[in-house]
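Next up: just one chain, as structure tokens, the form predicted on its own.
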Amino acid sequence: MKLEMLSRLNGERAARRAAIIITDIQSGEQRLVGQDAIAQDPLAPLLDLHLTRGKSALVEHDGRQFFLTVQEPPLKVVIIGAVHISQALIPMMKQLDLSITVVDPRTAFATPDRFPDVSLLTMWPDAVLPSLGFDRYTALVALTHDPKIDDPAIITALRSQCFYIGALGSRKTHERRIERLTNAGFIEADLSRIRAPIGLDIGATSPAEIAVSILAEIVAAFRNERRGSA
């Protein structure tokens, strides 16, 4: 790979944008296509298909073979709430190499002792979340059960392209949440993106079981979205 292309690829990675390296098998020539430029490329349908699948592949176009090397940003999960469920959830997420940030202004809960080896921000969500860069590779998990903390985070997520928004709470709690967000100007199409009560319905009761249901729902949301588009 040429130095100029490597520099461009590193730039795309730093900006958390997907990119595809196209290698002509016959000539060995390579080019890099950023996510925003796919529609203008001669291989656009193939590039879009394999970016959607998130997998590199050998393809054929007009009698020539090309290898598509798909580069995607790592999935990022922002957890709102330094709670027991978060403590159970984080070790599982680390097994999937997810990038994890915990946000909770309540310093009695958000301590390094309770959350070692993880990015821990003891700030109010509305102050810190805009700097975290929500994108289509980001999931939001709201777990505090406190509207003053959860709602600003959910609002930030709804205004972004993040692929998953989940919120803890009963159906009645969510009805009140929907009412508040409707009053804040969101419409039904926006609010339907929120998964609440959070997690797959597996009859979970303990923090660990709820954590399993949340992680499964996040994985399903990411993978099913791409299968449905492929």
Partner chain sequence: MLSTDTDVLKAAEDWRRAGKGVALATVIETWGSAPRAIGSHLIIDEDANFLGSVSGGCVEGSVITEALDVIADGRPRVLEFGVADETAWRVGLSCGGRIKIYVERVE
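Positions refer to the first chain, counted from 1. Because the structure is predicted, anything quoted here is derived from the model rather than measured.
This protein has a second form, the form predicted in complex with its partner chain, left out of what is shown; the following refers to that one.
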| property | result |
| --- | --- |
| 4.5 Å heavy atom contact, L132 and its partner chain in the model of the complex | no |
| Interface membership of G63, its partner chain in the model of the complex, 4.5 Å heavy atom rule | no |
| Interface membership of F67, its partner chain in the model of the complex, 4.5 Å heavy atom rule | yes |
| Exercise: Q95 in contact with its partner chain in the model of the complex, heavy atom 4.5 Å | yes |
| Per-stretch contact check against its partner chain in the model of the complex, the hit in 199-207, 40-48, 25-33, 175-183 (non-hydrogen atom, 4.5 angstroms) | 25-33 |
| Contacts with its partner chain in the model of the complex - residues in 1-35 whose heavy atoms fall within 4.5 Å | M1, K2, L3, L6, S7, L9, N10, R13, T23, D24, I25, G28, Q30 |
| Pairwise C-alpha change, S131 versus L6, in the model of the complex against this form - closer or farther, 3 angstroms or more | farther |
| Outcome for the Cα pair R13, L96 in the model of the complex, compared with this form (closer or farther; change of 3 Å or more) | closer |
